[in-house]
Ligand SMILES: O=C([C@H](O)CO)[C@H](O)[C@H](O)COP(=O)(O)O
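Below sits a lone chain in structure tokens, taken as the form predicted alone.
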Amino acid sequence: MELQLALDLVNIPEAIELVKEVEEHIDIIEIGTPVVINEGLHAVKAVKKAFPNLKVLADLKIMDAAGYEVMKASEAGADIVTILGTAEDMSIKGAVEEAKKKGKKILVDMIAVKDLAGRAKEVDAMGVDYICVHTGYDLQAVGKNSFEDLQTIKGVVKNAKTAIAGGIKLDTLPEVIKVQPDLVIVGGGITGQADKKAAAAKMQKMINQG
């Protein structure tokens, strides 16, 4: 099980400072969609340059022109790029094809997918690397989480690794670990804490104990 730190509400210098605090306790740095919108792929390039030993995920949430966007994220140094599960099959296949050419990985974000099990089966067959259940900010605000969704996709996914994102904090992490995803994605559960290093260290320890 790996731990991914999602950076959503920072600029490039803030992102680098934040990662410095927790780098020994995380596996993947996620350059979140708001950061990409505000800063562009320069954010991916700068963070990868600052932390060459960590994997960097570019959360582009691709919906179209997938091959091109994966190519551009790869050139910026992204190791993993995200595409939406609601995208067309052709787009997902195009993303996978481009990622394979570049030696990169594709994570499918299942946010807003209605038939989770059915779509997870379909995208799994397309050769994606990760399938991620994700409760977005707007649904977290009304008390939703992805824990049941994770069980749903774990039951059908045969090839891809599974991931979970959305509102995971120290007190809910044990529930997540029970379902054994391959990747746990945490944002505010680390970035919103007074002692970020301690929060990340504790999460890493819990994940490693699995």
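A residue's number is simply how far along the shown sequence it sits, counting from 1. The model shown is predicted, which means the values in this text are computed figures rather than measured ones.
Just so you know, the form predicted together with the named molecule exists too; it's not on screen, but the next bit is about it.
Undergrad: Consider the chain as shown here, without its partner, and state which of 172, 180, 151, 33 has a heavy atom within 4.5 Å of the named molecule in the predicted complex.
TA: After the contact test, the surviving option is 33.
Undergrad: Taking 4.5 angstroms as the cut-off for heavy atoms, does residue 15 touch the named molecule in the predicted complex?
TA: No - in the predicted complex, heavy atoms of residue 15 and the named molecule never come within 4.5 Å of each other.
Undergrad: Is the gap between residue 61 and the named molecule in the predicted complex 4.5 Å or less for some heavy atom pair?
TA: Because a heavy atom of residue 61 falls inside 4.5 Å of the named molecule in the predicted complex, the answer is yes.
Undergrad: With heavy atoms only and a cut-off of 4.5 Å, decide whether residue 67 touches the named molecule in the predicted complex.
TA: Heavy-atom contact with the named molecule at 4.5 Å: absent for residue 67.
Undergrad: How about residue 47 - does it come within 4.5 Å of the named molecule in the predicted complex, if we only consider non-hydrogen atoms?
TA: Outside the cut-off, so no.
Undergrad: Out of 181-189, 39-47, 154-162, 141-149, where are the residues with a heavy atom within 4.5 Å of the named molecule in the predicted complex?
TA: So the stretch in question is 181-189.
Undergrad: Counting only heavy atoms, which residues in 1-25 are within 4.5 Å of the named molecule in the predicted complex?
TA: The stretch 1-25, when checked against the named molecule in the predicted complex, contributes 6, 8 at the 4.5 Å heavy-atom cut-off.
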